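A single chain comes next, written as structure tokens; it is the form predicted on its own.
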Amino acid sequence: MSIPPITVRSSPVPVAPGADGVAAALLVEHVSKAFRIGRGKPPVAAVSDVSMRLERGVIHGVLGANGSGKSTLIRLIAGLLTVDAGRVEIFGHDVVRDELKVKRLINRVSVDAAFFRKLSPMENLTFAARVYGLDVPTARKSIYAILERLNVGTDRVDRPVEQMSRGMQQKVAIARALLTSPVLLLLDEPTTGLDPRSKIDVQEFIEEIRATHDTTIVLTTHDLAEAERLCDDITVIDGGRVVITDTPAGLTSSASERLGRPATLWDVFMAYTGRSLDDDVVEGEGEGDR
């Protein structure tokens, strides 16, 4: 079953053209963010001079070890944190100056999605529909269709969320994000900790969202096979800085030249950061993904 067309806005947010007449889906220019971690200690740089430009309809991966600044970058793009320097634009709208317009264009799914745990998926999603000013009867039809596509059976729709598995809860979080029909979807490790079947369901759904809704997607993940499958381009960050951006094929080709043998994305990450993707960045090297 394909995802049905979802109309959630009474009036679309206009896209502001850039200097070249075409607005990027996402423009991050020289963005930096630091955090104070204690009295008398200097600020710790979480994101340092990061720039990227994404066109509409692409899936862009961000790879980095724990604490490399991935989640901070996602929160800066979402407007949940303010930048210390630089700027972020969503389809030509500044995330600070045009906050309300931007919020109508984006949505975010994190690894620690929050719910009213005593309520059911339908109650949680209906509440979200009301918050966004959607027509509830129409939204309920979309909710059923999206949950069905994610293999969340009708027998689970009215059970309390706290009785659902981690994988099922994450599917509900993705359904909630799609309910607002975002043109920019931020997925912060959406499949971390999921069982293999749930992971495949979510990956297939991400591909279908892009194909049917022309949605631009930013994906952070620790799953290199997932990154290679889903992403048109990948940015590797280390210590809050971009070390390389290229297509998956381009990254492995560059690493192969450096290593003198065929390389995988795992080799790419090791070659350009000097660490394993599962390593934690120690205090002072980058910001913990909190």
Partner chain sequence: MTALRDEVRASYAFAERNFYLTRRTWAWEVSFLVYSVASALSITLIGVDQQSTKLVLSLMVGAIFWNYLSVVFGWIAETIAVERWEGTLEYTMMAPIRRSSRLIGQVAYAMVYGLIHTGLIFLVLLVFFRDLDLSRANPGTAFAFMALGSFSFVGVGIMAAILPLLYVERGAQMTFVVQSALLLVSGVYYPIEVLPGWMQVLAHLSPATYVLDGVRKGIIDGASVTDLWYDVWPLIVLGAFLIPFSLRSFGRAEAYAKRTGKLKRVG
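Residue numbers count along the first chain shown, from 1. Just so it is clear, the structure is predicted and the values come from calculations on it, not from any experiment.
The following text describes the form predicted together with its partner chain, which does not appear among the structures shown.
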Mark E99 yes when one of its heavy atoms lies within 4.5 Å of a heavy atom of its partner chain in the predicted complex, and no otherwise.
yes
Although its partner chain is absent from this view, report whether L80 comes within 4.5 Å of it in the predicted complex, heavy atoms only.
yes
Heavy atoms within 4.5 Å of its partner chain in the predicted complex: does I106 have any?
yes
Heavy atom of H60 within 4.5 Å of its partner chain in the predicted complex
no
Considering E207, D158, E148, D195, which brings a non-hydrogen atom within 4.5 Å of its partner chain in the predicted complex?
D158
Ok, A139, V183, V111, M164: which has a heavy atom sitting within 4.5 Å of its partner chain in the predicted complex?
V111
Candidate stretches 120-128, 196-204, 148-156, 211-219 - the one whose heavy atoms come within 4.5 Å of its partner chain in the predicted complex
120-128
Suppose contact means any heavy atom within 4.5 Å; which members of 197-223 contact its partner chain in the predicted complex?
none
